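Next up is one chain by itself, shown in structure tokens, the form predicted alone.
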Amino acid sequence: MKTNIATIALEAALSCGMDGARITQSEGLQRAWSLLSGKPDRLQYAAGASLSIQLYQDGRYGSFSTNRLEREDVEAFVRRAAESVRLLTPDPAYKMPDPALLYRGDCPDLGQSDPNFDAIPEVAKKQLLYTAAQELLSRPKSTLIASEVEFGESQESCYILDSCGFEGRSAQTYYTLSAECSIRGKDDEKPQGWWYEAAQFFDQLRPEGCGNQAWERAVRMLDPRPLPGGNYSVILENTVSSRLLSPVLAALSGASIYQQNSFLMDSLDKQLFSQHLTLLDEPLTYGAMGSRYFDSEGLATKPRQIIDQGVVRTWFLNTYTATKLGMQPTIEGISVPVLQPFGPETAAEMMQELDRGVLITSFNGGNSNGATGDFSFGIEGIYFENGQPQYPIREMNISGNLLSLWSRICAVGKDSRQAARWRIPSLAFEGVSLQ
């Protein structure tokens, strides 16, 4: 990445009389190949570069972006942006971050970017694709209706420069291999199954088992049966467990709290969750997806407690929301969420412990209310009894309130998937409403 254009943009902003400016230069590349029932189907390629400019002037703030990166174009763009900012209504909360809170220095690599990204042979990528496809194509043709496998890769880089003296670079690579299939069931039923693997380094991506997992997940959804509505013990499989954590993190964001659209208003240092629930942010974990030294403002990250034995310890505050709330900035959002485990370590062990309930393997639509914490999601899964899977269930809803749900947590496993961006393990709850 040629970063001189960011310097040119910053100099232009300051010469236009701006009090402060932040320039973010980004480049990205995405490629994907897919096979449909073993035959080439799609080849996708996308590449782009952009410049994002954030300008501050006497409490006025504006954010602008362009993909025209020649010097004359950038200088003219910045001039027009500065003229627009002067027309805005001032808000004293719009200001540059405290320089003391910004990331400084050249810290060790966090293992986010594969140095061999451009040197990986095409034949090696195709081998991954065909290995996964063959696992599905080897299944009985009388049962398999259709299959699709896809390999994808992406490379992203970012350079941030601001008028406070902050300068930061980051780069990430990401590889994925996914498999989907549909099979013949009874009557008109066509159960579907899926699986994916992901890694930040190509040599860590394993194709073996991807197609088999998709097939097995489809097969286990054969012959679904109705389940009476009521309160059940529920296990969230590690493939979907983040679905009911993400609205909690959204409610801890400074924007939600400042706008009074959070069910965690006035939550700091209060015990609102189960004493068994401890959530940490570990942004400096080598090799973990999401690890970073700084956020989009340049604020330095650090390990921190989010929820400590059920007590809320922090909110996610950028400079603007922190100023509005009369607090110190923390960080814009979580980087690497880590739940401290307790109880059975895997979903299978949780079934043994709980004896009877539902293992949720998929969410289908639904929503949650950020202001109240009420939620309702469509689910699919497996009913279990005596600790053993009995039959699949579908077309049911899980509903309730997030505070109530997380107060009923009875296990946090140790089986988080390395392929997931958020490595959330299987979770178990008691007394959950299913209808």
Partner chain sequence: MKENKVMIEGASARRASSFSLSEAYSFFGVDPDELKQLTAIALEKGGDYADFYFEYSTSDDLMLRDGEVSSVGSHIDYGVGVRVLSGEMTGYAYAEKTDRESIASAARMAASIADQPGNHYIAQEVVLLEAASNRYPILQDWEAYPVLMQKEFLKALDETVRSRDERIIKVIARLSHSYAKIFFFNSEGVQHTDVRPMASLSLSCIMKSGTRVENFSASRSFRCGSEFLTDALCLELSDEVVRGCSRMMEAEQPAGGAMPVVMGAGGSGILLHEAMGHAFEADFNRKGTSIFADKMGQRICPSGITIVDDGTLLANRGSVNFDDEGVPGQRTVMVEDGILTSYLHDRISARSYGVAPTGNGRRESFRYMPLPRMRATYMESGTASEEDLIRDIKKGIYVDHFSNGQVQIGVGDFTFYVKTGYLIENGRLTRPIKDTNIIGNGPRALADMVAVADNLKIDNGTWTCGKEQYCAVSCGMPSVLIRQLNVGGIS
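Being a predicted model, the structure only gives us computed values, none of them experimental. Numbering follows the first chain given and starts at 1.
Here the subject shifts to the form predicted in complex with the partner chain, a form of this protein not shown in this document.
In the predicted bound form, the partner chain sits beyond 4.5 Å of every heavy atom of T7. Though the partner is left out of this view, S157 does not reach within 4.5 Å of the partner chain in the predicted bound form, counting heavy atoms only. Put simply, E72 is close to the partner chain in the predicted bound form: some heavy atom of it is within 4.5 Å. Using a 4.5 Å cutoff between non-hydrogen atoms, S368 counts as a contact of the partner chain in the predicted bound form. Interface residue among A171, L88, V219, L268 relative to the partner chain in the predicted bound form, by the heavy atom within 4.5 Å criterion: L88. Just one of D355, E167, E189, D98 comes within 4.5 Å of the partner chain in the predicted bound form, counting any heavy atom, and that one is E189. Heavy atoms within 4.5 Å of the partner chain in the predicted bound form belong, among the stretches 209 to 217, 317 to 325, 233 to 241, 106 to 114, to residues of 317 to 325. Of the residues in 41 to 58, those that come within 4.5 Å of the partner chain in the predicted bound form through at least one heavy atom are, in sequence order, D41, R42, L43, Q44, Y45, A46, A47, G48, A49.
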